[in-house]
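A single chain comes next, written as structure tokens; it is the form predicted on its own.
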């Protein structure tokens, strides 16, 4: 007997059929809403050149990528869907129409520590809009609006509850630190990024330990506690800051007047986003009833992402739903229930007396009527084959034997009630 473990690698999700069907349902809803928001589908390789993926990412990202070598070529598995998109747009610039709108749903890989809700292989569901030389701020507003569409549909069909889409602009922080004369801001950014994960006392203590001056601390604290209306009271005259305020006001105004509940779009100055390629508007999304989930969707504006691959200016904005994380947490919280069926089949066709040809012909008729069915080719006893249908949760069993064929009928059994009826295959198709 082999000693090889059959467990998946840590941080790699494997689902049972009844769970996978619910996962696919959520994925289908997201894709449908992205498509209805005017985005076109796109797919890219899981593998790319290491230098491409790390052109705009370093530090922790470089430590987390999965590297491979083939001959003299250094390769890596993609860690997100945005950096490969920038490479794609630069490569296909002459064949694309701008603004280029795309959605991608696919797996990405990060070798970080696996823990609850954190995976090393996971699905992201991205929408992005890429401009040529410029990209109007109105496109930024499309991101939270698209996400509002998705989560409205998820709530309608799966009762996931309301969402809060938190919006900020990196130019605010950049403008403030520029006016204050701060040059090393990474530690401060990192601290703000984890503000909601630690206590107020821990945050205040860590802020003091950064060694910032009293005036600087006062301005930073006032900013982090500010509302959109009070940003003008901070006394910041920096041009970058003022530009960020204007963009933020536009995005929030458009989102709040898009026909969705305006209160779900809020300004949050503590949103800074970890990846360093964001240059303007940034987003985080939380489920109101499940704050312990943390952010389930995030993104932002990136004006210079493609600069490593081309001299052209290709500004973009995007947002991404972490599908694997979202699904896992909803399932564990009991919001989602595994499907009662372990198959998509509505009917299990059981050919008796070797009536295989008729079974295939009947399956074709059902398929043309949009009914999913499968044939059980087993030669075991009938009760065992019916038991198979029961274990899978198939709603109906169809028996086709010599008597049925002679009468031009089939025997249809309702697996829930046990009732049987002899009807034509066409009548079955019409009934279901």
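Computed from a predicted model, the values in this text were never measured in an experiment. Residue numbers count along the first chain shown, from 1.
What comes next is about the form predicted in complex with a further copy of the same chain, which does not appear here.
A.B. asks: I'd like to know if residue 288 sits close to a further copy of the same chain in the predicted complex, meaning any non-hydrogen atom pair within 4.5 angstroms.
C.D. replies: No.
A.B. asks: Evaluate residue 308 for contact with a further copy of the same chain in the predicted complex, applying a 4.5 angstroms cut-off between non-hydrogen atoms, and reply yes or no.
C.D. replies: Flag for residue 308 set to yes.
A.B. asks: Is residue 328 part of the interface with a further copy of the same chain in the predicted complex - any heavy atom within 4.5 Å?
C.D. replies: Residue 328 lies outside the contact set for a further copy of the same chain.
A.B. asks: With the cut-off set at 4.5 Å between non-hydrogen atoms, does residue 424 touch a further copy of the same chain in the predicted complex?
C.D. replies: Although a further copy of the same chain is absent here, residue 424 would stay clear of it in the predicted complex, with no heavy atoms inside 4.5 Å.
A.B. asks: Please pick out the stretch from 295-303, 196-204, 253-261, 225-233 that is in contact with a further copy of the same chain in the predicted complex, where contact means heavy atoms within 4.5 Å.
C.D. replies: Flagged stretch: 253-261.
A.B. asks: Only one of 333, 242, 344, 266 comes within 4.5 Å of a further copy of the same chain in the predicted complex by heavy atoms, so just point that one out.
C.D. replies: By the 4.5 Å criterion, the partner-contacting residue is 344.
A.B. asks: Using a 4.5 Å cut on heavy atoms, which of 29, 382, 405, 55 is close to a further copy of the same chain in the predicted complex?
C.D. replies: It is 55 that has a heavy atom within 4.5 Å of the partner.
A.B. asks: Checking a candidate spot here: are 24, 91 and 361 all in contact with a further copy of the same chain in the predicted complex (at least one heavy atom each within 4.5 Å)?
C.D. replies: Yes, each of 24, 91 and 361 comes within 4.5 Å of a further copy of the same chain in the predicted complex.
A.B. asks: Residue by residue through 363-381, which ones have a non-hydrogen atom no more than 4.5 angstroms from a further copy of the same chain in the predicted complex?
C.D. replies: 364, 367, 372, 373, 374, 375, 376, 377, 378, in sequence order.
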